[in-house]
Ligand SMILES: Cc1cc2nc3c(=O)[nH]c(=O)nc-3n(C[C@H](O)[C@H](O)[C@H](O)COP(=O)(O)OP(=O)(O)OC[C@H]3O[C@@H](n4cnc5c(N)ncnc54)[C@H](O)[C@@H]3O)c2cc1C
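Okay, here we've got a single chain as structure tokens, the form predicted on its own, with questions on binding and movement later.
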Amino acid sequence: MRLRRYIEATMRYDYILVGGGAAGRSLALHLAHSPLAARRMLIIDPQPKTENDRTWCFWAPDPTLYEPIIHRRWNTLNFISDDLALELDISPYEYRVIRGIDFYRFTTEQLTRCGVEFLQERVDAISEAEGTVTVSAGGREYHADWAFDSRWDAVPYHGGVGGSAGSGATSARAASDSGAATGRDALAANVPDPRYHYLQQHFLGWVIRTEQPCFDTSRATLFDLRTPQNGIFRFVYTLPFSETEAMCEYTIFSADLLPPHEYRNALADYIQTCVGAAHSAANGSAGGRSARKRSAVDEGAAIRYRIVEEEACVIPMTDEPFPRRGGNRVMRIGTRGGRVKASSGYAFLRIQRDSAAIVRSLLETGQPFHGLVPPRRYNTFDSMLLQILHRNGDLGKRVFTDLFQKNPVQRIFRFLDEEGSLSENLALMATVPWWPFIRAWLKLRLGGRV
């Protein structure tokens, strides 16, 4: 009897984090930096998290808990289109990059030091009884006052073929030569709800190393639209890590994935024809906000490079709501909790803000359901853009070009962070092509998505 009570006591926790990715570890770290740090916590995940399997990017005006592991940061971003190159001073924001392996090592060290326990097992079930959550994993049961579930593979998602690496991250093994994505495959038996939109942000990225300096490390390229659209919205972004090394990612917003060779061919074509030009355009625009692009081909540029790393991923872009409650004492977090921004795919900073709100709610009310939601207009804006990209992806190039050419970048960031005022939001929306958005709004009012 004593042995049984001892075993039960050792498997009793205040909080169990089901999933040890960005959402689970971020919430645990926020708890560990709060007055709740002495509470007993357990993180359960089937993966050891010992590889550099993804990269998180985000903009922020203030420091976060992860300042020691910021891989690169920029105060200037480039926006490039066919005949336009904008040099954007984003202060007081910074655009920041965190590598997956650095995040895992940092959080493991910080959390272990605070007494957080880790269990490498797959969770089989979560149940509730008499005010206690029971998590079954590896043939054993673990009990807690609260459980936080970030398992994206438990969510039916209706977006094309493929799954998601989750939490707005890139996954190094998300694409294979068969065209299937790692993570959870879409469940063909599920019928999508006609009230909502189901797109995917899918991309292939290479970290390339060139033989001669090619990259301006003082700025990153957020959008380069000089790639054939072919009916769907496509762009490349470039993160320069040094003058001879950068990550270039070929990104698409659409309902369906492409055959793997199409990503590789498009990315190789972009690097051959545009990488030198993007670098020259950025230098040429140093004296003002915009400048005409210059062609690397015209200058006879011949760039020799090798691929150091490859990343590919699929991120859900849907306006279908994800309920936060998985039970009376189970809260869904991360991608499963709707923390991926529907119209952009960004999630990392949204996860940090959600984690902070959960901790505040636990401290103030004793329960984690903070109930903080953005104004409903942001859901409408997301739905309109998703519908436009679904109906006519070619328009995405014009929409984003108008947004960045006609608005201060800070206004765009506040809009995407769902922090702008109504008047500021309306001023931004007035700069995009009006008829496609009116048509999308009318379609939404009639209850349809296509």
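Keep in mind the model is a prediction, meaning the values are calculated, not measured. Start at 1 with the first residue shown and count on from there.
As for the form predicted together with the named molecule, it is not shown, yet the points below apply to it.
Check your understanding: What is the one choice in R122, R195, H261, R140 with a heavy atom within 4.5 Å of the named molecule in the predicted complex?
Key -> The residue in contact is R122.
Review point. Of W206, F79, F203, F215, which one comes within 4.5 Å of the named molecule in the predicted complex, counting heavy atoms only?
Key: When the named molecule is considered in the predicted complex, the option within 4.5 Å is F203.
**Study point:** Interface segment, criterion being heavy atoms within 4.5 Å of the named molecule in the predicted complex, picked from 334 to 342, 217 to 225, 372 to 380, 317 to 325
**Key:** Correct option: 334 to 342.
**Study point:** Touches the named molecule in the predicted complex: A22 (any heavy atom, 4.5 Å)
**Key:** Within the cut-off, so yes.
**Study point:** 4.5 angstroms heavy atom contact with the named molecule in the predicted complex for T55
**Key:** Judged by the heavy-atom cut-off of 4.5 Å, T55 is in contact with the named molecule in the predicted complex.
Point to revise | Close approach of E311 to the named molecule in the predicted complex, 4.5 Å, heavy atom | key: Contact check for E311: yes, within 4.5 Å of the named molecule in the predicted complex.
Review point. Does Y346 reach the named molecule in the predicted complex if we count a contact as any heavy atom within 4.5 Å?
Key: Yes - in the predicted complex, heavy atoms of Y346 and the named molecule come within 4.5 Å of each other.
Review point. Considering only 24 to 53, what residues come within 4.5 Å of the named molecule in the predicted complex, judged by heavy atoms?
Key: G24, I44, D45, P46, Q47, K49, D53 sit within 4.5 Å of the partner.
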